[in-house]
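Before any questions on how it binds or moves, here is one chain, the form predicted on its own, in structure tokens.
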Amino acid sequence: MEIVLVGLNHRTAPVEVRERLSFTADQARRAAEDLRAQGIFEETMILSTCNRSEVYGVPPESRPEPAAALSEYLSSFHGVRADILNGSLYRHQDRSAVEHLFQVSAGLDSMVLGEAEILGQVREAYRAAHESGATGPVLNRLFQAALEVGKRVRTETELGTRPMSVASAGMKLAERIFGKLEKHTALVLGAGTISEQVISQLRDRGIGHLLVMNRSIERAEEVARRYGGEVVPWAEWEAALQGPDIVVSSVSAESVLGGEVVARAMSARKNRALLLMDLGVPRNVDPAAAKLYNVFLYNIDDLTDIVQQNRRARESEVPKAQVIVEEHVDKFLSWQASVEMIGVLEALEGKMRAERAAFLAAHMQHLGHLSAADRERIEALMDDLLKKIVMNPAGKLRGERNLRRKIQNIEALRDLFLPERDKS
């Protein structure tokens, strides 16, 4: 029941590396199938957001170095050289993997401390993996606990008070450049979760004119209707760049806006100032656009300064959130240990029953003076002994929560009584 995590995030890798390891929903499903088919994991779950790509798995007991095998798989799957990834990937096992996930779910590991979106992203990634059959009893229990941690942190601490998301941080940046937004026009490319948050933030800040563009015209119309915006057809997006002061892009495609396209738009605009906010991973805007006169291009990593200001305002709540995280880490590890211990005890019981049967078969023939009733009594006494040695402790494990918490490592017991399991 080992738990393995390999991943990278905004702390360990810049956006140009993160975007190369990001997973679409279809890629996550296919990778989960591959990892199980190749025998690297029996259960697996992939969490991929703009700030992280993480793979969680439960390897078979006989699998050597599962973290190394997973790292190699990620390099092969995404076509990224191992030497590029090695400096960015982190690897966690068991307690550190559980604690990391719970911190992610609580918003403690986010670029924006206490961000609101991550819990929903964890929930959606788990739902997709569960529905595709990629998870099992261990990861189901783990991710259900992670969701509980996230909810408790948001209700029992002030970490989520005055929440600042990537969208709100980006809008603060827009106000630094343009001041009040009432007389400005914004174009939002995409109509997903982050795009809708951006649109909500723009409306809250009184944006003068809102344009919405998405490949699915129905989705664009739905969002525009809800927020009082105007839909621009996707085919007209190059011409649409000539009007707005702010363009925010968050679509699941690379280089939607090329440098030459932006250059032509700036010429048509007579070089009027343009803020390009690229919230996509992979990046949607060609970095070369930043070299153009009066173009202000920011990607998701460029929000760090605003994020850090928000972090300082919330850091006093981190210890309270961490107490909740540690409580649930201990609870999960106790459950994990109790399940493993019960498995060992059941295997031990089976072995002892086999030994008992062999012992009786070998010695009863030499005890011919015993009656059938005497033999039955000896067998019953041996059964009672087995029950006291094995079954009573197993019953306590199932029923006594305090005893479960005391069990953290049972490898010595397994090695002592069941050494042949390691050879099977």
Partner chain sequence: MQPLAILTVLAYGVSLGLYFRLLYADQKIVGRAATAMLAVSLALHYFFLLERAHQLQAVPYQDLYGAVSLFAWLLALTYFGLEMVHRQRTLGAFLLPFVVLILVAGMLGRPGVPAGPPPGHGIVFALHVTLSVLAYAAFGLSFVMSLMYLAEETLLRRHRLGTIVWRFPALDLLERMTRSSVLVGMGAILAGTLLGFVAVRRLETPVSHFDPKYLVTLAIVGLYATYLYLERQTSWRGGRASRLCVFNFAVILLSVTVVNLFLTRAHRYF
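Positions refer to the first chain, counted from 1. We call the rigid core the largest set of C-alpha positions that still match within 1.5 Å between the two forms. Quantities reported herein were computed from a predicted structural model and do not represent experimental measurements.
Missing here is the form predicted in complex with its partner chain; even so, the following discussion is about that form.
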Heavy atoms within 4.5 Å of its partner chain in the model of the complex: which stretch among 327-335, 76-84, 171-179, 123-131?
171-179
Counting non-hydrogen atoms within 4.5 angstroms of its partner chain in the model of the complex, say which of 226, 91, 320, 209 makes the cut.
320
Just to be sure I understand the contacts: of 241, 306, 108, 145, which is the one whose heavy atoms reach within 4.5 angstroms of its partner chain in the model of the complex?
306
Hey, in the model of the complex, does residue 155 get a heavy atom within 4.5 angstroms of its partner chain?
yes
Interface membership of residue 349, its partner chain in the model of the complex, 4.5 Å heavy atom rule:
no
Does at least one non-hydrogen atom of residue 231 fall within 4.5 angstroms of its partner chain in the model of the complex?
no
Is the gap between residue 272 and its partner chain in the model of the complex 4.5 Å or less for some heavy atom pair?
yes
Scan 270-294 and write down, in order along the chain, each residue with a heavy atom lying within 4.5 Å of its partner chain in the model of the complex.
270, 271, 272, 290, 291, 292, 293, 294
Core superposed first: is there a CA shift of 2 Å or greater at residue 128 between the shown form and the other one?
no
For residue 143, is the CA shift between the shown form and the other one at least 2 Å following rigid-core superposition?
no
When the rigid core is used for the superposition, does residue 283 move between the shown form and the other one (threshold: C-alpha shift of 2 Å or more)?
yes
Given that the shift is 3 Å or more, do the Cα atoms of residue 287 and residue 48 end up closer or farther apart in the model of the complex than in this form?
farther
Hey, the CA atoms of residue 180 and residue 117 end up closer or farther in the model of the complex than in the shown form, with the change being 3 Å or more?
closer
